[in-house]
Ligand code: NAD
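Starting off, we have a lone chain in the form predicted on its own, written out as structure tokens.
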Amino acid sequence: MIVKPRIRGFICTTAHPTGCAAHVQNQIDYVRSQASLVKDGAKRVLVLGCSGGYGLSSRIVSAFGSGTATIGVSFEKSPEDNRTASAGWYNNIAFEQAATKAGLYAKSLNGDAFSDAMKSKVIDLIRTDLGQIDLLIYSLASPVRQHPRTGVLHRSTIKPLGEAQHIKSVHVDRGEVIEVDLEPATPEETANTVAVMGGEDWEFWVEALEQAGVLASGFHTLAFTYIGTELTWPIYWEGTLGKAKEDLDRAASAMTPKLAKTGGEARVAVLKAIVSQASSAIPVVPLYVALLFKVMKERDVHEDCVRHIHRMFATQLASGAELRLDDVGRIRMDDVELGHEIQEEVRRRWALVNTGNLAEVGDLAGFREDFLKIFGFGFAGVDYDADVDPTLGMTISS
């Protein structure tokens, strides 16, 4: 079939197999172009949420930056003869193929990472193939979670807290700056969001791995978060999402004392804003990102996913690294984004931006390009008019 982007709302319902492979390879090429990371860091890594965004980049940097053995977990849609798989399905295959070619251990498991069944599968695989792991990257992004102990299906909600908000945003498809009214979340919606995106499942994973005896001495774990600025706080940090992210801080504080007994710890890493399926669906964020990217690119300090994660591994996860911590103990990788000059200029443009000048003061075109690349579209050297097999020649079971 000939695969073209088919966008519905905030998602693309198709993914290009060759384009996704190019996306993975481009990241691998970047990591290989950099100096090798320290050899005494983590050598056996588990990445939860490995198929895209920061999780995929973490797996690529681990493997191709320091020769790490990796296990990845994600929940992806498999292809059919007349329907493409999700982008992450193709990303995982491309990564495994590249890792195998390079002589690196890499295995991916597809399924519900929130479930006890998946935890058991991962533990069995670690025992059989690696013995133990040194690092767990927690990068899950899901709108729903079925609680493994209560059976309750929780759904997250992106809403402000306390009172309704009237805020500026952008209609990405039409390129129009708009204003939207957002109603506040109920206590139940907030609790559900924390249940999906908070730290409980992270704790469940570390607890299960520890009880199974597959955590190496000095084991570290890292969960990713985003804080942003006062421009996004009403819908993000001061909204339901922020409550969930605060729960990651709680989880890190709860786990660290026990891990410290063997030289380990749990930390939250605050990363920079990127274009992702999740961020595209959050009001305000696409407009903020479009302005931010324009400002950072003009100053030649913009980082895409893999560059940002590579800097994190090189400066914050290396043995003996001097950590850039805030007063809560989070690793701050958003230091460039939150630089005074960057934010002053973003705020200035925020006050001025409208539909007429959006292309001048913001980078909506770059936002759109990054969004399409998530699904394998827009890569040089890929023939998007060619007939491709969405199954990659694999036998797909029902």
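Sequential numbering from 1, following the sequence displayed. On a predicted model such as this, the values are computed, not experimentally measured, just so you know.
This next part talks about the form predicted together with nicotinamide-adenine-dinucleotide, which is not shown.
Engineer: At 4.5 Å between heavy atoms, only one of the stretches 163-171, 74-82, 310-318, 324-332 reaches nicotinamide-adenine-dinucleotide in the predicted complex; which one is it?
Structural biologist: Going through the listed ranges, the match is 74-82.
Engineer: Candidate spot F114, T225 and I274, all three in 4.5 Å heavy atom range of nicotinamide-adenine-dinucleotide in the predicted complex?
Structural biologist: Contact check passed for all of F114, T225 and I274.
Engineer: Would you classify A290 as touching nicotinamide-adenine-dinucleotide in the predicted complex, given a 4.5 Å non-hydrogen atom cut-off?
Structural biologist: The answer is no: A290 has no heavy atom within 4.5 Å of nicotinamide-adenine-dinucleotide.
Engineer: Any of the heavy atoms of S142 lying within 4.5 Å of nicotinamide-adenine-dinucleotide in the predicted complex?
Structural biologist: Although nicotinamide-adenine-dinucleotide is absent here, S142 would touch it in the predicted complex, with heavy atoms inside 4.5 Å.
Engineer: Looking at the partner-bound form in the predicted complex, is C50 within 4.5 Å of nicotinamide-adenine-dinucleotide by any heavy atom?
Structural biologist: Yes, C50 is a contact residue.
Engineer: Does nicotinamide-adenine-dinucleotide come within 4.5 Å of any heavy atom of A266 in the predicted complex?
Structural biologist: No, A266 sits far enough from nicotinamide-adenine-dinucleotide in the predicted complex that none of its heavy atoms falls within 4.5 Å.
Engineer: Work out which of T229, S279, S108, N192 lies within 4.5 Å of nicotinamide-adenine-dinucleotide in the predicted complex, going by heavy atoms.
Structural biologist: So the residue touching nicotinamide-adenine-dinucleotide in the predicted complex, by this definition, is S279.
Engineer: Can you pick out, from M197, V206, V295, A251, the residue that has a heavy atom within 4.5 Å of nicotinamide-adenine-dinucleotide in the predicted complex?
Structural biologist: Selected option: M197.
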